[in-house]
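Here you get one chain, nothing else, as structure tokens; it is the form predicted on its own.
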């Protein structure tokens, strides 16, 4: 090949490589930007006085004197609203059945929304659910509810060639010329005085357990459960995978059985993860009965089988990549085969083995399907280490899916979903970064 042609090819491959790197970086930014931006909303947001009241009464946090002063201020700002509601209710009593028929349903809807915004109204019994005992605790959700109070959503189907068009009409028009009509203008002017929003940094989101199905609190049980499952899977998969890799690389030789074994390992790597979940349920729980039902132990064993092919193949390739002269030099000095493997070959292949562990660890932390049937629950308390042998645990991957698809108030807790996603991504990156640093230090030590 001519020198000019070789240089042209080198430049072409360099350009393609740089373009691929830039494209990957842009893709990561596009993917991670909404996760970081919206996930940060779980930690940094504008809380209302209802959130400070909840923290004081439920968790004993905050200054009681300051919170009580704020509650007094907001009650004074809310009193005209309650007075207008009482006056309208009296007007309904005096107006007779026709008046109640005209305004009853609309007022009942308005009253429910005001209760969701401000908390229980005067004269109402204290609700059982925590979410109903307080108004909107986040200013962004309070603004959404306030918008629903101000406007009625309707759809215009007058054009048969188009889908229904959403139209927002002022709710005040429904109560025109009644004693409650001024309420809407008052709310618009005084909503901030009624809620007292303040910027807060909720770092305890990582370390609090959830209350009332993730309406309040944090995600500590999910974080801890994810750690248990990922590290437990590595505890089972790494020793078994490395021993298998040593056997295949140094002892097995070439035979039909070994060829079949390698084919099975490669096929196992391509099995859908949901199949591993069903296998874990059938084998570890129903057949082996390692626990009475779901447990972190069963989930860890299932995840271990899931990542085992990756550990075996990557470790085997790392062992085979060690120069043969290392083995010959050790054995020429009188070292036995097993001693040569332990003291020479494995240390030389350690960086490649750690790479397989890093890849497997990230996958185990982010898998959902294998733990659905074996380990995961939607809500639970943080587990002690000994409890992982017999009890299930929440996990970030499963709870992200569960909150996004099955929660009764998915829009109200959207910040929790994104906070879980951000935490899971950060956790996987942190675990991988830790493993990479350990691998780099070991490689430096081996090079002397």
Partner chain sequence: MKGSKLIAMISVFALVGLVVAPGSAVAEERIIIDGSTTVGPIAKAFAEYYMSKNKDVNITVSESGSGNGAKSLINGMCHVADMSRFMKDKEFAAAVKKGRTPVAHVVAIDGIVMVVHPSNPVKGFTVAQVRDIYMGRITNWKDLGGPNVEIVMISRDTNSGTYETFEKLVMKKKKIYEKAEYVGSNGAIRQRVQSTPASIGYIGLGFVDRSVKALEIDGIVPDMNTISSGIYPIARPLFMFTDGYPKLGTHLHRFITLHLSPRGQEIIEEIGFIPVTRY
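Because the structure is predicted, anything quoted here is derived from the model rather than measured. Numbering follows the first chain given and starts at 1. Between two forms, the rigid core is defined as the largest C-alpha subset superposing within 1.5 Å.
In what follows, reference is made to the form predicted together with its partner chain, a form of this protein that is not presented.
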Task: 163, 227 and 438 each touching its partner chain in the predicted bound form (heavy atom, 4.5 Å) - done: yes
- [ ] Quick one: find which of 189-197, 93-101, 80-88, 149-157 has residues within 4.5 Å of its partner chain in the predicted bound form by heavy atom distance.
- [x] 149-157
- [ ] Answer for residue 46 alone: is it within 4.5 Å of its partner chain in the predicted bound form, judged on heavy atom distances?
- [x] no
TODO: Please run the contact check for residue 179 against its partner chain in the predicted bound form: heavy atoms, 4.5 angstroms, yes or no?
DONE: no
Open item on the list: Please tell me whether any heavy atom belonging to residue 172 falls inside 4.5 Å of a heavy atom of its partner chain, as the geometry stands in the predicted bound form.
Closed with: no
Open item on the list: Just checking whether residue 402 would be counted as a contact of its partner chain in the predicted bound form - the rule being heavy atoms within 4.5 angstroms.
Closed with: yes
Task: Answer option from 144, 213, 71, 290, heavy atom within 4.5 Å of its partner chain in the predicted bound form - done: 213
TODO: Tell me, out of 206, 249, 377, 121, which residue has a non-hydrogen atom within 4.5 angstroms of its partner chain in the predicted bound form.
DONE: 377
Open item on the list: Suppose contact means any heavy atom within 4.5 Å; which members of 345-361 contact its partner chain in the predicted bound form?
Closed with: 347, 350, 351, 354, 358
TODO: Classify residue 326 as shifted (yes) or not shifted (no) between this form and the one not shown, where shifted means its C-alpha moves by 2 Å or more with the rigid core superposed.
DONE: yes
Open item on the list: Does residue 424 shift between this form and the one not shown by 2 angstroms or more at the C-alpha, the core having been superposed?
Closed with: no
